[in-house]
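Shown here is one chain on its own, the form predicted alone, set out as structure tokens.
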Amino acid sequence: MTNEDFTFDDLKRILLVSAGFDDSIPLDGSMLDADFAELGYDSVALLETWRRIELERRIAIDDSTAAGARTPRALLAIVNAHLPTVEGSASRGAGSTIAGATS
């Protein structure tokens, strides 16, 4: 996986895999600022979402930071802040990469 930005389309794809398809949940731009609980995503679905993001993007995000992402927009911001830079030597934000990970 490259260290390109984590996009809303990336998040939608992972949410569908993590929580399954529920046609009552709008997976469009209107959900960006909605609370995950209001969208029907429980803590188990969100834990699975974080696990898949970490594995796919080869990053590690501490639980307290992940818990602060109550909306899709907040989750996207956290993930993108933790992605390694193009040079791969440091993350964009305060996060860390998984030791030994290469892109």
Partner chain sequence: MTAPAVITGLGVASPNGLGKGAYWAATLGCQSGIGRITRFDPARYPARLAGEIDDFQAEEHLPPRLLPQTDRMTRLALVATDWALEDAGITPGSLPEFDMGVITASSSGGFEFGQRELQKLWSQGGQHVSAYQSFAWFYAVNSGQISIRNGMKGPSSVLVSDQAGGLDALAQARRQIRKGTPLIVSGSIDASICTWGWVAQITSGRLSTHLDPARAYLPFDRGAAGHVPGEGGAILVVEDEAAARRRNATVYGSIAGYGATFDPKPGRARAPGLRKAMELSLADARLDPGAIDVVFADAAAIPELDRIEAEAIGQVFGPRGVPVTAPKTMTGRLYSGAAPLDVAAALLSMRDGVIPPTANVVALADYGLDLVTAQPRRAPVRAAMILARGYGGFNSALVVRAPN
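Positions refer to the first chain, counted from 1. Computed from a predicted structure; not experimentally measured.
The form predicted in complex with its partner chain is left out here; the points below concern that form.
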Residue contact check: residue 9 to its partner chain in the model of the complex, 4.5 Å heavy atom: no
Exercise: residue 67 in contact with its partner chain in the model of the complex, heavy atom 4.5 Å: no
4.5 Å heavy atom contact, residue 18 to its partner chain in the model of the complex: yes
Its partner chain contact in the model of the complex: residue 40, any heavy atom under 4.5 Å: yes
Its partner chain in the model of the complex - contacting residues of 30-52, heavy atom within 4.5 Å: 39, 40, 41, 44, 45, 47, 48, 51
